[in-house]
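What follows is one chain in structure tokens, specifically the form predicted on its own.
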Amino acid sequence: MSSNASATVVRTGAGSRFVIYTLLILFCLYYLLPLYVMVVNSLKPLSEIQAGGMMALPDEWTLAPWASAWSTAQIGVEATGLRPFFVNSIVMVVPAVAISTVLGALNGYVLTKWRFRGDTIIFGLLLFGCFIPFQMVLIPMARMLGIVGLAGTVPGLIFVHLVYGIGFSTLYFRNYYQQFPTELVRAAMIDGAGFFTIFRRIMLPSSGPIAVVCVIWQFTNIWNDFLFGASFSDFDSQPMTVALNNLVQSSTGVKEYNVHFAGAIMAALPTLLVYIVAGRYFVRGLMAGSVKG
């Protein structure tokens, strides 16, 4: 190939990359524009927003909307702020994610390394549960929570999300453990290792990538859930998403948009931080069990 042809190819490749990167930057800016509006307006006095300057930077920077959304904003009939409901969400999410992840790992382990008659049927039923719309289980679940005495409580919400999350966590771990060498499990059994010993010393240490996937997926779904929170909680046990909706709906007269923006950012921060910290491991975990060998 001549030098002129090589130079033409280089220029063409550079031009294509420039166009691609330019489009990506424009799409990124467009996607981040709502976040910019939320952050900027959460740091403004309400008067600046009412003056029509939603896109402009604040003339007067203030954290008063954040303080109001956190501790003094009116939610329903009480001026409680979002703080107690943020705590409710943490108390709900942490055990629900932890228990569903552990149970999913156990289910995946049993369904791949301890085969038994009917195991495919059980897995099929668990998988079927992943595709049942939320709306179909509202009345049966409400009835069940009432029978066991968990209606309108945070433990009741934990139970609901635990039941709904087991199918997904089982699917993740089952597909991951399907690629795990069965010979290692059989060798451990020959050496006298029991069910839980094999699980604790052989399976769990190698489950880091898929555990991260399961935790991120479950955390995101549970934290962002609104339907179950609105259906199965009372005022004292409401999660953050329901309280945020009530914060917006409770405003009478002048809408405090700066407080609403601050509350929305507070509600989104935990999932955002999870993806920032562990997001790169999410794709790695998904790919870890997708190729055998």
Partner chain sequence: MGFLDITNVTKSYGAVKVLHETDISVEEGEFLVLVGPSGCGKSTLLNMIAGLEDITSGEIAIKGRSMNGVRPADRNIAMVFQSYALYPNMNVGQNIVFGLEMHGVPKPERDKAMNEVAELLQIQHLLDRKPGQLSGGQRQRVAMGRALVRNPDVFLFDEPLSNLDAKLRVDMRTEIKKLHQRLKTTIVYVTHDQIEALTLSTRIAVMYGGHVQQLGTPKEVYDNPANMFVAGFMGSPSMNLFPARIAVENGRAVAVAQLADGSDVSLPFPEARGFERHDGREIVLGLRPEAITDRDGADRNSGAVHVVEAHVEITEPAGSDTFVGTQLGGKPVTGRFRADVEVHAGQSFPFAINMEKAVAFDPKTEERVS
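Quick caveat, the model's predicted, so the values are computed rather than measured. Positions refer to the first chain, counted from 1.
One more form of this protein exists, namely the form predicted together with its partner chain; it is left out here, but the text below deals with it.
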property	result
Location of its partner chain contact in the predicted bound form, chosen stretch of 67-75, 80-88, 178-186, 149-157 [non-hydrogen atom, 4.5 Å]	178-186
A193 within 4.5 Å of its partner chain in the predicted bound form, heavy atoms	yes
Partner proximity in the predicted bound form: V215 to its partner chain, non-hydrogen atom cutoff 4.5 Å	no
Its partner chain contact in the predicted bound form: I202, any heavy atom under 4.5 Å	yes
